[in-house]
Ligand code: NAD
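The chain below stands alone and is given as structure tokens, in the form predicted on its own.
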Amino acid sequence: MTQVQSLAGKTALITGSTSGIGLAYAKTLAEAGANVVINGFGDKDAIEQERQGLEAASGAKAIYLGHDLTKVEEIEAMMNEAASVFGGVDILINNAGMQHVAPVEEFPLDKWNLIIALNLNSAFHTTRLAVPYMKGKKWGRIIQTASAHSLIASPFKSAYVTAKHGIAGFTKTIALELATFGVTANCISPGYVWTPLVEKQIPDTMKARNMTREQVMNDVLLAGQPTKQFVTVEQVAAVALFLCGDAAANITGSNISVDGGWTAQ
């Protein structure tokens, strides 16, 4: 079996990484020896505990930068601070995102603008700021957490679907631009992922729909996933780790589905 290379000496910046998929990315890359920059919101003490755990796992350095990625000046400050500590970012994972559900004619303008800023625009800004260092090093990995909704649509999610389709197109474009510089760019597109946020939705849905827990999970949450299994954060992170290795040096511009067969239908 091909072994994933050590990431010792590399620096990974993961947006939206204080919980869920983003934190799984951070833990997995730290375990491979990378320096890690985490970003996101949450309880300060809990974040500090996770930061310390990342350092313990990596034997390297982990820092937390809590900048607001809906603001260009804060993204620039975050990238500059990461560069001042580590010299630059070798692995960029754009994971930050949010969701809002509403019919298009009722979709709040502030929610539309917020989702496009966080889910799409922030990835452009982090990428444009990371690329010069990667080009100079002749090595880099850019990974986007897209979604099954980068490939298909669902009703009432116009902003989210628009942003995720945009991420997929953006990734293909930068993959072509960077193809001769040793830098790859790819999307990982999960389906329904088992996270605490999803778990917390189940009791309310049981009550609202008069369903059992199993019915909610299989007939509502997993209705679109033929495997009837949630994707785990560890499975998504394992794909990212593979993409960082030498075995994936010729995988670029791809959109890798981790969705239990959802988009195969």
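Quick caveat, the model's predicted, so the values are computed rather than measured. Counting begins at 1, following the sequence as shown. Between two forms, the rigid core is the largest collection of C-alphas that superpose within 1.5 Å.
Another form exists, predicted in complex with ligand NAD; not displayed. Remarks below refer to it.
Quick one: does Ala96 come within 4.5 Å of ligand NAD in the predicted bound form, counting heavy atoms only?
Ala96 belongs to the contact set for ligand NAD.
Is Thr252 close enough to ligand NAD in the predicted bound form to count, meaning some heavy atom within 4.5 Å?
It does not: once ligand NAD is placed as it appears in the predicted bound form, Thr252 has no heavy atom within 4.5 Å of it.
With the cut-off set at 4.5 Å between non-hydrogen atoms, does Lys164 touch ligand NAD in the predicted bound form?
Although ligand NAD is absent here, Lys164 would touch it in the predicted bound form, with heavy atoms inside 4.5 Å.
Does any part of Thr126 reach within 4.5 Å of ligand NAD in the predicted bound form? Heavy atoms only, please.
Output for Thr126 is no: heavy atoms all beyond 4.5 Å of ligand NAD.
Are Asn39, Ala146 and Val198 jointly within 4.5 Å of ligand NAD in the predicted bound form, each by at least one heavy atom?
The answer is yes; Asn39, Ala146 and Val198 each reach ligand NAD.
Please identify, from 212-220, 49-57, 198-206, 26-34, the stretch that has a heavy atom within 4.5 Å of ligand NAD in the predicted bound form.
One stretch meets the cut-off, namely 198-206.
Within 15-36, the residues that have a heavy atom no more than 4.5 Å from ligand NAD in the predicted bound form:
If the 4.5 Å heavy-atom criterion is applied to ligand NAD in the predicted bound form, 15-36 yields Gly16, Ser17, Thr18, Ser19, Gly20, Ile21, Gly22.
Rigid core fitted, is the C-alpha displacement of Val198 between the shown form and the other one 2 Å or more?
Yes.
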